[in-house]
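Read the single chain below, which is given as structure tokens and is the form predicted on its own.
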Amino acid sequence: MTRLDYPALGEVIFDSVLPNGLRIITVRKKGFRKAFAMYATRYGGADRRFQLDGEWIDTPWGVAHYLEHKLFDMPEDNNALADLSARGADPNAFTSNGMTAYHVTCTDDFYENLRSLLTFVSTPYFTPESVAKEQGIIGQEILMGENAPGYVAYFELMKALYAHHPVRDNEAGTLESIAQITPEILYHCHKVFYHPSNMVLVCVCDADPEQIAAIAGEVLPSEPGAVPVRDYGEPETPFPLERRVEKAMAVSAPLAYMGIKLTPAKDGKALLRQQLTAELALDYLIGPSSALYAELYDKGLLGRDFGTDVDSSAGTLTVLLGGESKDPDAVMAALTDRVGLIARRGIDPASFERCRRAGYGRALDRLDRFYSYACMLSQGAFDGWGVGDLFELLKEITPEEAADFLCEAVTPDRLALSVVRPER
């Protein structure tokens, strides 16, 4: 077990790998009663086609999300969600395109709750009746999403950006695809993706790292599994499939999402540097304290909900910008015009330094929010970087790197626009 000390951050992290391949990251929060554990697998909605033992396997759209719902069921009509809640713990889970994570928050009985978390995630139990019943529940979730304007604007944007990669699709699937899911498919995908060598356990708590590792060693399988090869389709070009898509829905004002797809680096630290460079550059260009944001807001072209994000998932790297706007095309034109000005004049170092300090502050804030902290560490474990890399790179990125990113990526031929307009 390796101990990593970060005196400047006030953090102590213990990092180890069990013989079965499970990586365990424990953030020791001395004096905290609150404890948090996240058990995550590198398996998400985009992992629909994979190769194992030389055989290519295609699975229905939505299996990863379906597994997330069904793993709380235990033999003998027990339910892990109910059992953990009865002890005063707060369990939950989520599925993204590249990861499924199960987590529990508590103030008492942390070791017992951790044991329960590891047990139910590693104990698949599916019956034809329970799988059929869940189809109705997930079907309602899918229909609710299809009637949510933000959800529609986002996935229409992803379909405009990506020609082949399954990140263009909703992780939950469709009514037709989930009807194809059987207990046999769920058992098979659990066996392929839910072995410890494809997973990470992150604990943020005042608990003994050795005891955490001992519990994991007792509960989980002792042997590592084979990690499958994933197939996400043909390589994507840097350019969107469609430049502009539009839908009409029951909204009071137009909702506009803009996006850019980037080619992610293979190395973990290089990928993190790409992501952080994009985040700092976007904050400089159109962040809440930027001159452009103030100008567009004063003209009524942006609402206070307008924001930016850079998402790394399932071998993709996507830049997202969006919110309410009465004239999305004018906002898009203003963005590219401002980037043209940056190309001629460069980035103001003092303003960029303010963006860097703001980014540093946001990163520090995540260290005090256990859920966000664990998500960050889990993603870093799968991508190949750690918390120390994050703060080191934030200090290194230069205004010139940010300017180069903006001039290369935020251009009319790289941007896609998804608009949800009010019904007439």
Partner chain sequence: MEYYREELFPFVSLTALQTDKFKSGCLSATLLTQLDRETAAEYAVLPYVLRRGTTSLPDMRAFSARLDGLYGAVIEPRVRKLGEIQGLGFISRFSEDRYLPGNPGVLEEVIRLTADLWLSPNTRGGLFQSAYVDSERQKLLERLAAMRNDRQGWALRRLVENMCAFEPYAVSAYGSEEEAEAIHYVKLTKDYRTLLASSPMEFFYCGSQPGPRVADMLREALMLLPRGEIDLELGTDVRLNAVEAQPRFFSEEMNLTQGNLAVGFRLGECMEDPDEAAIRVFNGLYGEDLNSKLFLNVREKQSLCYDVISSVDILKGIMTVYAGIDLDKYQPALDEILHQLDLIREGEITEEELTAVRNFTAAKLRSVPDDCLALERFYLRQTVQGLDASPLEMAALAESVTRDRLVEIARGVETDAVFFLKGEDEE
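Residue numbers count along the first chain shown, from 1. Everything numeric in this text was worked out from a predicted model, so none of it was measured.
The following text describes the form predicted in complex with the partner chain, which does not appear among the structures shown.
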Segment that reaches the partner chain in the predicted bound form - one of 259-267, 158-166, 105-113, 200-208, heavy atoms within 4.5 Å: 105-113
May I ask you to choose, among 228, 183, 323, 91, the residue with a heavy atom within 4.5 Å of the partner chain in the predicted bound form? 91
Counting any non-hydrogen atom inside 4.5 Å, which residue from 243, 188, 354, 247 sits next to the partner chain in the predicted bound form? 354
Within a 4.5 Å heavy atom cut-off, is residue 10 in contact with the partner chain in the predicted bound form? yes
Partner contact for residue 368 in the predicted bound form: the partner chain, 4.5 angstroms, heavy atom: yes
Can residue 123 be called a contact residue for the partner chain in the predicted bound form at 4.5 Å between heavy atoms? no
Within 4.5 Å, heavy atoms only: does residue 33 come near the partner chain in the predicted bound form? yes
Would all three of 52, 74 and 398 be in contact with the partner chain in the predicted bound form, where contact means some heavy atom lies within 4.5 Å? no
Heavy atom contacts to the partner chain in the predicted bound form at 4.5 Å, residues of 59-97 in sequence order: 69, 79, 81, 82, 85, 86, 87, 88, 89, 90, 91
